[in-house]
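One chain comes next, on its own, written as structure tokens: the form predicted on its own.
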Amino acid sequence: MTEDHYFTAQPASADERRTIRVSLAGRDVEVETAPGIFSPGHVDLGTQVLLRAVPEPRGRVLDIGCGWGPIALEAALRGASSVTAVDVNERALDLLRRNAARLGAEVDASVPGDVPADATFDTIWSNPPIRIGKDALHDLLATWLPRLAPGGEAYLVVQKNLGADSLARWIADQGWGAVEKIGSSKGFRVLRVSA
């Protein structure tokens, strides 16, 4: 048994690739997944709730904690002008790059440190990695939410019982913009942060 987490940079589990069928941007598509990443067998429920709640992507889109890519791929397939996806898990980034190529989608999949420090985004869509712990999550969001361009919007999905309401209050206290709950389904809340 390994101590892998989906937020491990180099998972120790066997890199056993397989394809699964999922629905993205209203299309049934095949994507490649593997163990050692978040939700390798399907589009997880939180991400499904998020993708049903978000409007059409505007401009430059950022996906924080992209995994194998359902959010980034959805944004690209729905016509975002550019999509940047970040994750610390190198296996997840490789899978996203392969999935983007498979679907003909343009996505820049990178470790966070490879994104230029002056890059800003019009839209952020994320199912953030809540299980990394509150302090690490706050650091993660403090890195990316201030990079919303003026007039930009971030959409985050968080389980209610994993602190969606307290996270919304914390974000509001940071002064990055107005925070509101725009949706709730199956125990998840979708938060919008307007810069």
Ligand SMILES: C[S@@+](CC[C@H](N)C(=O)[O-])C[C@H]1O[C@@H](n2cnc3c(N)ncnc32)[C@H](O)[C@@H]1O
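Just so it is clear, the model here is predicted, and its values are computed rather than measured. Residue positions are given as counts along the sequence shown, with the first one as 1.
Missing here is the form predicted in complex with this ligand; even so, the following discussion is about that form.
Open item on the list: How about V83 - does it come within 4.5 Å of this ligand in the predicted complex, if we only consider non-hydrogen atoms?
Closed with: Output for V83 is no: heavy atoms all beyond 4.5 Å of this ligand.
Task: Contact flag, P128 vs this ligand in the predicted complex, heavy atom cut 4.5 Å - done: Output for P128 is yes: heavy atoms within 4.5 Å of this ligand.
- [ ] Spell out, yes or no, whether the shortest heavy atom distance between Y155 and this ligand in the predicted complex is within 4.5 Å.
- [x] The answer is no: Y155 has no heavy atom within 4.5 Å of this ligand.
- [ ] Using the partner position in the predicted complex, report whether T33 sits within 4.5 Å of this ligand, counting heavy atoms only.
- [x] No, T33 sits far enough from this ligand in the predicted complex that none of its heavy atoms falls within 4.5 Å.
Open item on the list: Given the stretches 147-155, 163-171, 25-33, 61-69, which is the single one in contact with this ligand in the predicted complex, using a heavy atom cutoff of 4.5 Å?
Closed with: It is the stretch 61-69.
Open item on the list: For the stretch 85-112, I need every residue with any heavy atom inside 4.5 Å of this ligand in the predicted complex, listed N to C.
Closed with: The stretch 85-112, when checked against this ligand in the predicted complex, contributes V86, D87, V88, N89, P112 at the 4.5 Å heavy-atom cut-off.
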